[in-house]
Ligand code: URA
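As a starting point, one isolated chain is supplied in structure tokens, in the form predicted alone.
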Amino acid sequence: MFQCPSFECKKCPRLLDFRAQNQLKFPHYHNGPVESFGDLNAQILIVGLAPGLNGANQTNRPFTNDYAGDILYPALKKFGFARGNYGKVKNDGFELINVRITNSVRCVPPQNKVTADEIAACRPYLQAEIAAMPNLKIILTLGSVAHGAVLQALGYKKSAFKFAHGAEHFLNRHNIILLNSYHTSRYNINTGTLTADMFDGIIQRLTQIL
């Protein structure tokens, strides 16, 4: 069975240093590799960039207590992919239905920016997670970084599958559809790059594909 990287993982010196800083500033935060959320038997895997400092890095659940989660989780519930009330904490009782959520990089990076080396270091975990999902049919990538990370994890050339909001790519060797969306970040929402209606359209498309 797939397991999240442990606190003993020391592959990324920059992220380890940032973790040490955060342990001093925020001693009650999780401050470590963030676990995935949802069942491995799900047909859908949603892949984000990395944990947010005061979001998943605090709560140890992807997109939880993060502005991006305020967009993501209500949309999933609206279209039947979740139940319960999203309370922005790990033990809020909120449950995903036929969806699992993870990140390209499992530890929080400074300024929400990851390096190519850090993506590569976390790649084996993403590969193992995908391999451990026997019913996987769709991977939804939030942002171009996650899009590239998934393609590299599965052995495809990024140049062959251009990222674009709403784009769908068939990964024939794995019989998986790769669906793209802009990330549900505060920046994208505030600038109008992504709207709640646009993202609802992406989640609705998941229901149509299934």
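Start at 1 and count along the sequence shown; that's the residue number. Being a predicted model, the structure only gives us computed values, none of them experimental.
One more form of this protein should be noted, the form predicted together with the named molecule, which is absent from this view; the next part is about it.
- Here is the short version: of L49, I44, L178, A153, the single residue with a heavy atom within 4.5 Å of the named molecule in the predicted bound form is L49.
- The shortest heavy atom separation between P62 and the named molecule in the predicted bound form is within 4.5 Å.
- Not displayed here, the named molecule is approached by H183 to within 4.5 Å at the level of heavy atoms in the predicted bound form.
- The stretch among 52-60, 22-30, 36-44, 159-167 whose residues place heavy atoms within 4.5 Å of the named molecule in the predicted bound form is 52-60.
- Along 119-138, not one residue places a heavy atom within 4.5 Å of the named molecule in the predicted bound form.
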